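Quick setup: one chain, the form predicted on its own, written in structure tokens, and binding and motion questions come after.
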Amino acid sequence: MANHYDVIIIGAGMSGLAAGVRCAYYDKTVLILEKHYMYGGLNSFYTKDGYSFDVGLHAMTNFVPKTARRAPLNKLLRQLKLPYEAFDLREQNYSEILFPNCRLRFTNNFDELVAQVRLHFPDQMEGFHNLVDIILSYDELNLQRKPVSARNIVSRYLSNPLLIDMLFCPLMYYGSAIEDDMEFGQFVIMFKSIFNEGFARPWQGVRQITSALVRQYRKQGGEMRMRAGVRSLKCTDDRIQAVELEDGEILTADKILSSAGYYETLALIDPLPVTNPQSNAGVMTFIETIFVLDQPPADWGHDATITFYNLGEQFRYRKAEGLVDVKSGVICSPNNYQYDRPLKDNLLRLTCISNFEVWQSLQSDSEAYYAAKERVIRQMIDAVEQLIPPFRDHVIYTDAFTPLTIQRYTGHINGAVYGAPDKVKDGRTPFKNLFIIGTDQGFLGIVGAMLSGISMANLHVLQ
């Protein structure tokens, strides 16, 4: 039957593409369905007024050299049958965590973070070393572990609230769906990927990764349909019998892998098994502003790759009360990596916590919506210029995307970047042939998303 496949994958993001490559390599008939015109999901790119912008990617975590064969990056490259050079990664200069009266600098050499903790928090060193030992021995890939609070466990080893908050800040911004806390397995994944391993960026940005995945997928015979959104998943008892597209076409498959999110996927099922999927969805969403500058940031005094900052007395990671919370955020310069030649454009990206409902209230009034964006951009600039040299006079172009943009391109309820707080580590749903990959399966970051697609394909399709 022409419209029957071994595997249908919903979503052409990192996890969907990686799962597709893995399944197609083993001669499965695979179809990836993507509702938009561009692959990549939140980690995509676009061109506007002659400028090229990445979406989602500040940095690729889990950077290791080619020789670290057991590291996640090299494991996934082997699983995808891609050479190490496929992503053309360049290491960060350095990154930093800036809080009032304290600054922790870190690089891709973990010893530098250890030295910084020793310098600023000498009485915490024994506990810090013990915590690191626990992290390094923890099996975050164990799909059967029950979730526990990371703050509860970390507080057993560290007693200084400032150090605890400074360690949590970058890990939360790059992976937590939970307000003011993380599940400890998620904490371990992010600690290892950011602090123990480190940051890098593909020379051409996120398109380097997505294009490599798409080429490999098509090389293995995989099929992909763009602008092919899923209207519903038809179920009978405990199985999905058919996939209905938005244009009315009906497809069938032995297995279905969905990267749309757990509750977002359940909301597609006909008849609907969950009365109000939104009640369990995540709320952590962000606004990001991208600035094109007339000179590289290092030329006007800013050479950090990524700065995670907090301006308040305490660090709060929770849904903003209004359009934006500028008391904490992320400052990223794509120019500040170890390149052998300069990037075409000079860029600075600012990211702060936002509130989906407040932006949604402006959705029907375009004039109010764009006025709010301009107001928020000024607030973000005012906040970060307390920390880095003034840059507004160097800005020649600005673009910004809000939680509404995130919701539109990911389909995530509330524009929640990291999905629902409760992860489905084994990928299983109430339906025997439907499985979750990506954000709500629980592996984080770009490398984590690809590993999610690979591991769930291995477990549920190829075994």
Ligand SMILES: Cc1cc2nc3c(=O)[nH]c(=O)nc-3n(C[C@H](O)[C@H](O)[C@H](O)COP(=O)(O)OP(=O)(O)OC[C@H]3O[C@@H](n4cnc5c(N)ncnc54)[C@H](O)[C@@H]3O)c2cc1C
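Bear in mind the structure is a predicted one, so any value in this text is a computation, not a measurement. Just count from 1 along the sequence shown to find any residue number.
The next section is about a form of this same protein that is not shown, the form predicted together with the ligand.
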Exercise: residue 421 in contact with the ligand in the model of the complex, heavy atom 4.5 Å: no
Residue 434: touches the ligand in the model of the complex, heavy atom cutoff 4.5 angstroms: no
4.5 angstroms heavy atom contact with the ligand in the model of the complex for residue 40: yes
Residue contact check: residue 228 to the ligand in the model of the complex, 4.5 Å heavy atom: yes
Candidate spot 12, 35 and 259, all three touching the ligand in the model of the complex (heavy atom, 4.5 Å): yes
Options 426 to 434, 401 to 409, 22 to 30, 66 to 74; stretch whose heavy atom lies within 4.5 Å of the ligand in the model of the complex: 401 to 409
Residues from 414 to 438 in contact with the ligand (non-hydrogen atom within 4.5 Å) in the model of the complex: 417, 418, 438
